[in-house]
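The chain that follows stands alone, in the form predicted on its own, written as structure tokens.
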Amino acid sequence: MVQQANRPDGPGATKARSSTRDTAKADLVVVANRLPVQHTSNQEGEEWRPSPGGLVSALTSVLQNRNGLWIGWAGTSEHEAPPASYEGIRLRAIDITNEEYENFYLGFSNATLWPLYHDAIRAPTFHRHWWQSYIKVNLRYATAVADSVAPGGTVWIHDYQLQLVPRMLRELRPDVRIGFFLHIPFPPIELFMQLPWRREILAGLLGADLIGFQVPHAASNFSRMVRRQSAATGTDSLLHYEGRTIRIGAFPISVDCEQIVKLARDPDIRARSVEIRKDLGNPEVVLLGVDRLDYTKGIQQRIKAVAEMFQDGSLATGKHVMVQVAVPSRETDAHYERERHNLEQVVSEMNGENGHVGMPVIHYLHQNLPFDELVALYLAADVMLVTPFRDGMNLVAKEYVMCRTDLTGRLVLSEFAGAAAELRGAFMVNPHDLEGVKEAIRLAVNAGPKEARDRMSRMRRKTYRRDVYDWAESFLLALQQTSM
């Protein structure tokens, strides 16, 4: 259960003891589409629980040490208000109506920006009323931040849903330092030019003092686009705009390495991984995919490649088995419901053509799994398949690598995932090339113990060097070093 603000030993007690400064305003404000808590229902009733993932842990950690506040949407308007605090940081919820959810979130954010920023794998849709809703909701966030941040404070804005907030906030509060981080790719000029409101988006982002991206290529795409479409001048890393200097950089996000290693060594979780392999029939090789259900993840292409390998004899029923976890995503969106239907049809065909009675070749789960169970699956899998058509980073790849404390396991990784720049020990693949995907899987399955150990050791060293806490601290340090 999320802690409440009125605990005698919580942040309220600190405020009561402090007479030297006003803590009604926050020194550091994190602004994201969602709050770090989510509403859940179970047999014991309904409650608010922490959202899963290392990002929440990392941002919570930095907020705790800086008189912090998190501003975001609660994800629902049908339940009681979220708690006033979480882990010693204050929360402020932004209200979003059902109509705004349709237009701002499902519409402009996820049917316009999401496909456009992911190489237009699916054609983006442009509607003026979606854009107007995007402006309206972004202004609501900006106004809430302006009302909440202390004089001279710091604001860190996250992701594609809030790209107008930096400029709006600068107009309301020119005294604060503003950082923005884009968690998804930033597209090349040829694609971004399709956006009817491209100049407005760029101007919105240029309200920040520091704009961060996952990889240098995305940062370069943005800088070149801005210099082409606005009055900004400068280089890929420093832009001059309206009398201000704006820093542009790559800050690859990572995972909570220590937490994952601790879980991977937990005897109960390791026992569960053995149980999973037993439930799968104790095959020689377990292949695993874990993805949010989204057309950018290349799930159907991956399954088609594995199915062909069973058909041509590269993989054998009973000897090899695949597990595919498809985490539910945007279930109220008809496009994603069709994606689920098509995926489940592919899974059914694969089992129908290659499975035996009591021995399917692919086990499919469409559900949210506790992280403990995911770690057990990572430990049970000999080959991890991460083959998105385009991904800002993909933390599943890094989670799998950190779980393999014994240096076993092999990773097949799309060269179009941001993680590919760091995880050079993976079997790299172009996910659009079906034969190439099959060859990468074949090489991974047949890799000897020494090759697998050398590759995994290389990837683990790289990931260990900078975890998600280092990522957060490095971004905030770079932000503090910018000129205002």
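Just so we're clear, the structure is a prediction, and the values are computed from it rather than from any experiment. Note that residue numbering begins at 1 and tracks the sequence as displayed.
Note that the form predicted in complex with ligand GDG isn't included here; everything after this is about it.
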- Message: in the model of the complex, is there a heavy atom of ligand GDG that lies within 4.5 Å of any heavy atom of residue 107, even though the partner is absent here?
- Response: no
- With heavy atoms only and a cut-off of 4.5 Å, decide whether residue 399 touches ligand GDG in the model of the complex. yes
- Query: Heavy atom to heavy atom, is residue 292 within 4.5 Å of ligand GDG in the model of the complex?
  - Reply: yes
- 4.5 Å heavy atom contact, residue 204 to ligand GDG in the model of the complex: no
- Query: Which among 162-170, 345-353, 370-378, 226-234 is in contact with ligand GDG in the model of the complex, heavy atoms within 4.5 angstroms?
  - Reply: 370-378
- Looking in the model of the complex, is ligand GDG within 4.5 angstroms of a heavy atom from every one of 387, 428 and 455? no
- Message: Quick check on this chain: which one of 335, 183, 270, 122 has a heavy atom within 4.5 Å of ligand GDG in the model of the complex?
- Response: 183
- Query: Quick one: of 310, 192, 241, 114, which gets a non-hydrogen atom within 4.5 angstroms of ligand GDG in the model of the complex?
  - Reply: 114
- Task: Within 4.5 Å of ligand GDG in the model of the complex, which residues of 294-314 have a heavy atom? Give them in sequence order, or say none.
- Result: 297
